[in-house]
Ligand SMILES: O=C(OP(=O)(O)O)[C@H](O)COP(=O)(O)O
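Below you'll find only one chain, the form predicted alone, shown as structure tokens.
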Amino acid sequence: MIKVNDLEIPTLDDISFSGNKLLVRIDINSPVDPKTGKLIDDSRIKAYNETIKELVNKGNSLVLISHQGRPGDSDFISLEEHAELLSKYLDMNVEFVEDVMGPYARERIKNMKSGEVILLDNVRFVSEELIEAPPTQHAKSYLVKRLSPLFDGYVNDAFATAHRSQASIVGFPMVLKSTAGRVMEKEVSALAKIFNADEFPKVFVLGGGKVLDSIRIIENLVKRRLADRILTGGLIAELFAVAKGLDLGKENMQILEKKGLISLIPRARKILLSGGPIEIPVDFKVEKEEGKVAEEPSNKVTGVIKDIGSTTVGIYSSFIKDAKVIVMRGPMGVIEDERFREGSKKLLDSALESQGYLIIGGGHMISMLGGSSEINPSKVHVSTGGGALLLFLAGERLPALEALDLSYKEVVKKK
């Protein structure tokens, strides 16, 4: 059982399924080449090997359900190729069913044999799946009413969709014995460390260009006193530097203005005045005329800021090495340019070398790992949560977790 705040999330260790027919919600929504309509990244598809194999080895038959894209977008396609890739990585047949809840799909599910695995077509072909509504309302949807009588249980293994209150995510737990799968379990267990009072000091390293998202996260961390240090880089560091009264020069102010960030300065200033443990760079690596790179103190910036400076790297690294929990979201600089990757890379190295537990979120920081096979999963968690991770850090409740908690209390405990 995973406890997060006041929620109890059951896992496959709490509710054991054996010889059952199960509906398993996964998230294999993947990038698609708009020209060919083919998948260009299958990392999410590979992630479900553990959950699926474990359930199949216990004699269960599985019906997998997922979405792909949104109506009107170029990546809104069938899941036929996804089924082929699942078959490849699982080394077992995953049958594609070109239907979601119609007569053909229901008949195929009724006739499934032990150990069989099928993948239904894109659940967003069903218009109900695009509606955000409470679990009790979704429990009455046609999707849930037509499919749920065919199953003995429901497994939600799609953390990346946990922030969506849609039928396939929150409706089925209201009527079926439900649990988190192994992918969901790993995500939630890792993030639960953020709220564990015994795990401190906690250091958050926040950078990148999504400044409004970072402000929301920082406001929640400060309000709930979850962070011992918040180390800033990227545009969020520039915003707090200006809020603190530093003059970053005309060019950097123009960049902040162009990106519509000037209006966030009062919010940043309010966080600083509240005593938030915000650290801003003491120096920056900047780009000057004719592409010249230099390091300048944060109170005497003349070039365009592109990374944190070496002194800041040293200070931030010392905080990271003493931390018990480290959360890294967003790079410190413009990592697309090799000249400005050093700050992010050195902080990531410090986190990997530390004795603390590291949570990495966001595509840019994940890309810095470079597909390393030396990462210790007991010490490092790479989150694929995207929007779900963001909302979790920003203190918002995740409907999928609430539905699993409610299901455990209402459907399991009362039986």
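What you see is a predicted model, and the numbers here were worked out from it, not measured in a lab. Numbers for residues come from their place in the sequence shown, where the first is 1.
The following text describes the form predicted in complex with the ligand, which does not appear among the structures shown.
Contact check for Ala160: a non-hydrogen atom falls within 4.5 Å of the ligand in the predicted bound form. The ligand is not drawn, but in the predicted bound form it has no heavy atom within 4.5 Å of Gly356. Not displayed here, the ligand is kept clear of Lys35 by more than 4.5 Å at the level of heavy atoms in the predicted bound form. In the predicted bound form, the ligand sits beyond 4.5 Å of every heavy atom of His381. Contact with the ligand in the predicted bound form, judged by any heavy atom within 4.5 Å, is made by just one of Lys177, Lys210, Arg182, Lys202: Lys210. Using a 4.5 Å heavy atom cutoff, none of Arg229, Lys244 and Arg269 lies near the ligand in the predicted bound form. Contact with the ligand in the predicted bound form, defined as any heavy atom within 4.5 Å, is confined among 140-148, 163-171, 311-319, 189-197 to 163-171. Within 4.5 angstroms of the ligand in the predicted bound form, the stretch 4-31 places a non-hydrogen atom from each of Asp27, Asn29, taken in sequence order.
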